[in-house]
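What follows is a single chain, given as structure tokens, in the form predicted on its own.
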């Protein structure tokens, strides 16, 4: 089964004269670790926002598993994202006044669906932080962490609650190569435990060899007026 299925998808911003995203037919199989490459500004991040239901396409179908996102209301898309997806933002989007544990816990508080899948939330968060090497920082304010540590907190938040799909938007751009590769190994390790699908977008093609498959954004989105 496909984790992501797109058909005749088109999207552009009100100020744009051309389609930012224009995909006739594309899918990502369930369980795949897929690397979507392309230069900055080409539309990769916009595609992730469409998949997550943050943006609404002008035409076409967007399927996440058996759910057609195109048919959901804005409120239903928000609920679906909270319940079924994990999202690692480029800027991490951590809450500055919460500590490490509380930032991860927030994903469960925002989704009763995820929370009910975790028998012991406190123990699960501690286990996840331990696997990511963040146990010693559990009660630390996220503003006191390094970029690499903040990145791991963002990953833990995306992984908690067994999301079916993990979307990652250039989360390694601030790291050197060794730390980028280590981060990806942690991501893959945890995603495979959960049997989650990963769609990772980046302009850094030095990372593509680590993934199951690499796709160039220009190959799937043609862009036409």
Partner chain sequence: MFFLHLAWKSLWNRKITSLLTVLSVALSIALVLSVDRAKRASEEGFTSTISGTDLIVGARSGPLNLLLYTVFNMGNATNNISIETYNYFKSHPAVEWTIPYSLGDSHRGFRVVGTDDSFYEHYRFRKDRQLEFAEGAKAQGIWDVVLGADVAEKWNYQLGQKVVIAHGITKGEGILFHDDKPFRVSGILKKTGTALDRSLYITLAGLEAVHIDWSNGAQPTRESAIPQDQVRAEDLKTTQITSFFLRTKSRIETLRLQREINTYENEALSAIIPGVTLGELWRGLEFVEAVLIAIGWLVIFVGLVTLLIALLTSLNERRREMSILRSLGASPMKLASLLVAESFLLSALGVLAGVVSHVFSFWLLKDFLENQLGLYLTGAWIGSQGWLAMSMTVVLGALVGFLPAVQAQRRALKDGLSVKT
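Positions refer to the first chain, counted from 1. Remember, it's a predicted structure, so these values are computed and weren't measured experimentally.
The form predicted in complex with its partner chain exists for this protein as well; it is not shown, and the discussion that follows is about that form.
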Within 4.5 Å of its partner chain in the model of the complex, do 120, 127 and 137 each have at least one heavy atom? no
Within a 4.5 Å heavy atom cut-off, is residue 150 in contact with its partner chain in the model of the complex? no
Does at least one non-hydrogen atom of residue 107 fall within 4.5 angstroms of its partner chain in the model of the complex? yes
So in the model of the complex, is its partner chain close enough to residue 157 to count as touching (4.5 Å, heavy atoms)? yes
Just checking whether residue 55 would be counted as a contact of its partner chain in the model of the complex - the rule being heavy atoms within 4.5 angstroms. yes
Quick check on this chain: which one of 82, 132, 145, 72 has a heavy atom within 4.5 Å of its partner chain in the model of the complex? 82
Taking its partner chain in the model of the complex, which residues along 7-27 bring a heavy atom to within 4.5 Å of it? 13
